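A lone chain, given as C-alpha cells: the form predicted on its own.
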Amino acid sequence: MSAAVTVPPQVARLQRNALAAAGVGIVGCAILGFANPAQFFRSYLFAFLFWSNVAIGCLSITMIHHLSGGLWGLVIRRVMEAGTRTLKALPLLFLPVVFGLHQLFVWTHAETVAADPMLRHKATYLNTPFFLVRAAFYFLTWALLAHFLNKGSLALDAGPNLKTERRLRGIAGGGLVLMGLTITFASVDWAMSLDPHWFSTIYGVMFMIGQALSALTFAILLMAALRREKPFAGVVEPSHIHDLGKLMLAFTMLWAYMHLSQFVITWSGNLPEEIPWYIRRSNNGWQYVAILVALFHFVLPFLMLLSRDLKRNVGSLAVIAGLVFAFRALDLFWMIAPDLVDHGHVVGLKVHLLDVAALLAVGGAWLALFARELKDRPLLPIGDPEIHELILEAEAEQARA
C-alpha cells in the first residue's frame, strides 16, 4: 500500500472507541429508556439531529468545494466524503424517531388537532403519513447526491478527467439547490414542528449554517489528529489550515448573524404568535444556556479566529474547533429542548442522563461507520495534480531527511 493510501492507526482506534461508546450509550438508553420512554424519545431526537447534522454538513461542504475549488477542500475531501457515505444509515437511525412520533409531536394527537383551529389548518401538511413520505424523500435525495459525488471523485483518482470534473460541478450546483430545499423542510418537520404554532422564515438557513459548521469543525479536529501521519504528513501545510480557519470564521459569523436577525425581527415585531418561542428560552435557566452559547459559540471563537497565526496553527485551531463543535450540541439543545416537554408552556432547564446516553449511542454508531468508510479509500484524492505534487514533495523531503 502506498503512502497515499495508508490508513493511520488513529482511524482504527477511533472506530474501536466509537463502538465502545455506542455500546455504553445503548445500554444506558435501554435501562433508562425502559423506565422513562417519553424522555428516551426526546433525548434520541436531540442526538439524532446533532449527528445527522454533521453528516449532512459533510455533503454540503463537499458540494461547495466542487463548485469553488481550492486546496483547502482537497485536503479534507475524503474526510467529507466518508461523512457523506454515512447518510445511507440515517433511515435506520431515524426509526426510533418514527416510533416516538406520538410522544414527540403534538400534531400527531387527533384530539388536540380537533380542538385547535391552527392545527386543523396545518393538518394537510402536518400528518404522520405525509411526514414519513417527506422524510423518505430527504434521505433518498441526500443518499443519491452522496453516491454520485463519491463515484465521480473516486473515478478522478485515475487521473484528471475534464468530463468527470464538469459532471461533479453540475451535480454540486443542482445539489446545493436541493440541499437548501430538503434541509429547510427537514428542519421544519423534525424541529420547528415541535411547536407547530410558531414559525420562522430563516429557521432552515440556521440549520444549514449549523450543519456546515459542525462538519467543518469535525474535519479540523480529524486533521489535527492525523496531521503527523501519512499521507497527511508533509502534505497538509499551514496555508491549507489557514483557509479552513477562515472558512470557520465566516460560518461562525454567519451563524451569529442569522440568530441575531431572527431575534431582532421577533423582538421588534412583538407579535403574540412569535414571541413565546423566545420567552420559553429566556426564563427558568434557559437564559444562561443562551449566554453560554453566545459567548463560546461566537464571541470567543470570533475573537480568536481574527488571529492569522492561530488560524495557521492546526493545534490551536483544533482547540477552537472542538469548542465550537461541543457548543453546536448545546445550541441545538437550546433550540429544541424547551419544546419537547409541556408543549407551548415555559419549562425549566433540565438535562437528563438519557440526553448523554443518546448522544453516546447515536454518536458512537455514526463515528464507527464514519471510520469504516474512511478506511475504504485513499485519504487524499491522489489523482488530483496538486495533491500528487504535494505528495511527491513530501516524499522527497522525507528522503533527504
Partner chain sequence: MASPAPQHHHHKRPDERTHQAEADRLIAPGHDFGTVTDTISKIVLQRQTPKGWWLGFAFGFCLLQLMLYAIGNLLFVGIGTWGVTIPVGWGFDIINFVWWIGIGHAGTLISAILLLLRQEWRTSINRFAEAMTLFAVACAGFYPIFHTGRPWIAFYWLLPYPNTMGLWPNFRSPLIWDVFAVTTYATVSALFWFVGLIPDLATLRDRAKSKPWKIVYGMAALGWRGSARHWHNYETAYLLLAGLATPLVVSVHTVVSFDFATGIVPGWHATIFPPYFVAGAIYAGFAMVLTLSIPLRKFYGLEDFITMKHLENMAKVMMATGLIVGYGYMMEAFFAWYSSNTYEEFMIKNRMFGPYALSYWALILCNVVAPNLLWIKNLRTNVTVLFLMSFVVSVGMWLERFVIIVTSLSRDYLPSSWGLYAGTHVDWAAFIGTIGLFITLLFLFVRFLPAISIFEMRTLVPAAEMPEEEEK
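The shown structure was predicted, so the numbers you read here are calculated from the model rather than taken from an experiment. Numbering follows the first chain given and starts at 1.
Separately, the form predicted in complex with the partner chain exists; it is not shown, and the next lines address it.
Visitor: Even though the partner chain is not shown here, does it sit in the predicted bound form so that V54, T141 and S153 each have a heavy atom within 4.5 Å?
Guide: No, none of the three is in contact.
Visitor: Only one of these stretches, 213 to 221, 323 to 331, 261 to 269, 279 to 287, has heavy atoms within 4.5 Å of the partner chain in the predicted bound form; which one is it?
Guide: Selected range: 261 to 269.
Visitor: With the partner chain left out of view, choose which of L303, A114, L181, V133 has a non-hydrogen atom within 4.5 angstroms of it in the predicted bound form.
Guide: Spelling it out, the residue with a heavy atom inside the cut-off is L181.
Visitor: Which residue among F296, F148, W198, F94 has a heavy atom within 4.5 angstroms of the partner chain in the predicted bound form?
Guide: Partner contact (heavy atom, 4.5 Å) among the options: W198.
Visitor: Tell me, yes or no, whether K122 is in contact with the partner chain in the predicted bound form, where a contact means a heavy atom of each within 4.5 Å.
Guide: K122: yes, in contact with the partner chain in the predicted bound form.
Visitor: Quick check on A89: any heavy atom within 4.5 Å of the partner chain in the predicted bound form?
Guide: It does not: once the partner chain is placed as it appears in the predicted bound form, A89 has no heavy atom within 4.5 Å of it.
Visitor: Can you tell me whether R228 touches the partner chain? I mean in the predicted bound form, with a 4.5 angstroms heavy atom cut-off.
Guide: Although the partner chain is absent here, R228 would stay clear of it in the predicted bound form, with no heavy atoms inside 4.5 Å.
Visitor: Considering only heavy atoms, tell me if H109 and the partner chain come within 4.5 Å of each other in the predicted bound form.
Guide: No, H109 stays farther than 4.5 Å from the partner chain in the predicted bound form.
Visitor: Sequence order please: the residues of 136 to 163 with a heavy atom within 4.5 Å of the partner chain in the predicted bound form.
Guide: Heavy-atom contacts within 4.5 Å come from L162 alone.
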